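Here you get one chain, nothing else, as structure tokens; it is the form predicted alone.
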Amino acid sequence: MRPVCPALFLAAAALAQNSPYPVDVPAARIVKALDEPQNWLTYFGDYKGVRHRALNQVNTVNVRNLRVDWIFQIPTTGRFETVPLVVDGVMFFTAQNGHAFSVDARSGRQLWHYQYKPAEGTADGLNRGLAILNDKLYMGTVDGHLVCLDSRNGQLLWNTEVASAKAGYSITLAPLAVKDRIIVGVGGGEFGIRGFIDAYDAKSGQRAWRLYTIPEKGEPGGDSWQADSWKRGGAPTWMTGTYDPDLDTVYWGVGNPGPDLYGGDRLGDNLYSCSVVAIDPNTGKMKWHYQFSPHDTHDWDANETPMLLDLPWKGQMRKLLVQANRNAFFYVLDRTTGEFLMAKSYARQTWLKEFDAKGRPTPLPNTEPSEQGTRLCPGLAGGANWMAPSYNPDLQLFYVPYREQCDIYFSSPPKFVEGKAYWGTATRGVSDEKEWGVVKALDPLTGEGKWEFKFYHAGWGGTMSTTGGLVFAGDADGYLVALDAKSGQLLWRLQTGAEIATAPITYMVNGKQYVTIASGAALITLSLP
């Protein structure tokens, strides 16, 4: 859609003060982000989504001395799920309800603050972060817009409507900058939207392409939807994707079909819901897809991190895509072709009978949601979800945070009303056991578990690993923990005072390593004395 000229914001921007610390992040720097362990240049820290840093000032010996260095309090309520960016000593981050900030990464001193005002009648909402390209920042909004900010002062440069909030669309993810474009996905699967992935020109905000994640009738895959159910079939794209510059391919997870919990009006596989899609970033054309859960009725979307690893598979180096899926299985695909290579459960599951040679699952009988209720594992929230995994290349271990929770799934046919919730009833937790959370270390070539660390409650916190031999993770009870990357032994923990629902980052300024995590309404940064 056409960018909106922000006249009022331009007037206000004339008074803005430029940051004394200008930054510049051309696309070539993002391609080599892992060569800058002192910075955190994308939502995942790099294009592959490994969330690992070659920093070891904080390590297994001294992590017990880690203490709070500074705290930044945000002026809003709600769940704080941001993952900050750090560029040459400057930190950029978002907060719920349209806030964006820049602070000095050494002290937390605010450099500028921006607040987006969503369309009237739009509910408040969370935000997971920013993208940066050159000297500009990009942020999605709860009412379905993509905005561009000047990284020096927070001035609004352009504002483009991606999709209508009245139709149920929103953007909560951190955008992905690829070459000269900004790629975004949308939320709203619970409201009967038709999902898509968009790319926008980074300078002008003009849309370059759109890839719908539900094909129309007559398009490849269009016959996988019953009648006109594709028009409101969900398949949202609400989490950030990854990118392989060598293959020039973007990988993006796609959400579940709608309505949730009831599939009687949308018989078929419902492509490309619950899939990962490989996309040409120049044209938006799909190269291949793999569907994890055909015709899903359990809300087991595939928006979890599509991590990219280059590893020897059965004696031959291959470009792999690995994902701990919400359906409780860890998958390995060839990311050049989309070939299914392996799947193994990492959490309790009671739904699968077997996979065929191409990775198509055969469910066990009596696992569909029902009027009487069907007990099944994992629960609606899945095993994995948006909680970020990480990967230590030295140990060749994949760290996945997940939830151990089973649910009773109920089902009945819903009525579709545009912009309103579109669910086939609901779930409730099983009453004869308590849920819990886990961080598990996996061998990504076999799916075999090497160790696991349990949290008291099932939570939403992600992980981050370092060459200091550490895995950092957060939990629902507010603990930020540091685990031994080899053994999973608890080495240190801090009670932050509120739920942690995002993943930590680490960076270095002037020779000092920092660790940052969002918790409650505070951004907390730690370092050694």
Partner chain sequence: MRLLLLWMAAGALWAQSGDLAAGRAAFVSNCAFCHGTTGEGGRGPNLTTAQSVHGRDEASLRRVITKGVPGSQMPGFGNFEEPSLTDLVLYVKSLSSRSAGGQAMPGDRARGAVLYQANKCAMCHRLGSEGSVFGPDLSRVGAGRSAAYLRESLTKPAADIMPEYQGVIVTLRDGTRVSGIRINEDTFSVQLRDLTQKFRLFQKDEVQTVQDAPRSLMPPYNLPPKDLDDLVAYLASLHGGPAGNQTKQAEGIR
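Quick caveat: nothing in here was measured; it's all calculated off a predicted structure. Numbering follows the first chain given and starts at 1.
What comes next is about the form predicted in complex with the partner chain, which is not displayed.
J.: Since only the chain is shown here, I'm wondering whether Thr425 would be in contact with the partner chain in the predicted bound form (any heavy atom pair within 4.5 Å).
T.: Although the partner chain is absent here, Thr425 would touch it in the predicted bound form, with heavy atoms inside 4.5 Å.
J.: Within a 4.5 Å heavy atom cut-off, is Asp475 in contact with the partner chain in the predicted bound form?
T.: Looking in the predicted bound form, residue contacts with the partner chain include Asp475, since a heavy atom lies within 4.5 Å.
J.: Is Lys217 a contact residue for the partner chain in the predicted bound form, using a 4.5 Å heavy atom cut-off?
T.: Outside the cut-off, so no.
J.: Hey, in the predicted bound form, does Leu247 get a heavy atom within 4.5 angstroms of the partner chain?
T.: Output for Leu247 is no: heavy atoms all beyond 4.5 Å of the partner chain.
J.: So the partner chain isn't shown here. In the predicted bound form, which residue out of Lys344, Arg79, Lys450, Lys420 has a non-hydrogen atom within 4.5 Å of it?
T.: Result of the distance check: Lys420.
J.: Exactly one of Val481, Ala33, Leu55, Ala501 has a non-hydrogen atom within 4.5 Å of the partner chain in the predicted bound form; which residue is it?
T.: Exactly one listed residue reaches within 4.5 Å, namely Val481.
J.: Residues in which of 454-462, 143-151, 292-300, 318-326 have heavy atoms within 4.5 Å of the partner chain in the predicted bound form?
T.: Going by heavy atoms within 4.5 Å, the stretch is 454-462.
J.: Suppose contact means a heavy atom within 4.5 Å; in the predicted bound form, does that hold for all of Asp334, Phe398 and Asp443 with the partner chain?
T.: No: none of Asp334, Phe398 and Asp443 comes within 4.5 Å of the partner chain in the predicted bound form.
J.: Relative to the partner chain in the predicted bound form, which residues of 257-284 have a heavy atom no more than 4.5 Å away?
T.: Heavy-atom contacts to the partner chain in the predicted bound form: Tyr262, Asp265.
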